[in-house]
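Taking the form predicted on its own, here's one chain by itself in structure tokens.
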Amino acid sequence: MNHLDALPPWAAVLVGVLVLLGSGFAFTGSLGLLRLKDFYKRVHAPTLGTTLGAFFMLAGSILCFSVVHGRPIFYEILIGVFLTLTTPITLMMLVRAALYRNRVEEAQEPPRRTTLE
């Protein structure tokens, strides 16, 4: 027997919507990674899209297991906290490394700010 058999229909619909929203945002972030041409533009799409997608997925998971077990389950919030802490740090480290590489290889000035294409 599956634990999802005990999930009421209203919760199943809400969990399904949250999971679909999460996968949509993660897919959008992945498309941004493929579509944008410059590294400095590309670095933002996956961090923003996949983080928001992961939060919707976590909300769906928290709702599903809270309803199935009959009590609030919040330990999955730790995943969201770790994502919130590590994603901007990773973004800053990648951009700093790219800026350093550009300064050493090409010119001494950072790239000019351009508009999105």
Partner chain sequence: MAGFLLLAWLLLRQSLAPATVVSGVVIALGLAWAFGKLRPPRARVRHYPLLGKLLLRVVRDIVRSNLAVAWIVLRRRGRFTSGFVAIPLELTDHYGLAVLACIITSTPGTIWVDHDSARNVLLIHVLDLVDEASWIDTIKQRYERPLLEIFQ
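Residue numbers count along the first chain shown, from 1. Just so it is clear, the structure is predicted and the values come from calculations on it, not from any experiment.
Another form, the form predicted together with its partner chain, is not on view; read the next lines as being about it.
Taking the partner from the other structure, its partner chain in the predicted bound form has a heavy atom within 4.5 Å of a heavy atom of V43. Of all the residues from 63-90, those having a non-hydrogen atom no more than 4.5 Å from its partner chain in the predicted bound form are R71, I73, F74, Y75, L78, V81, P88.
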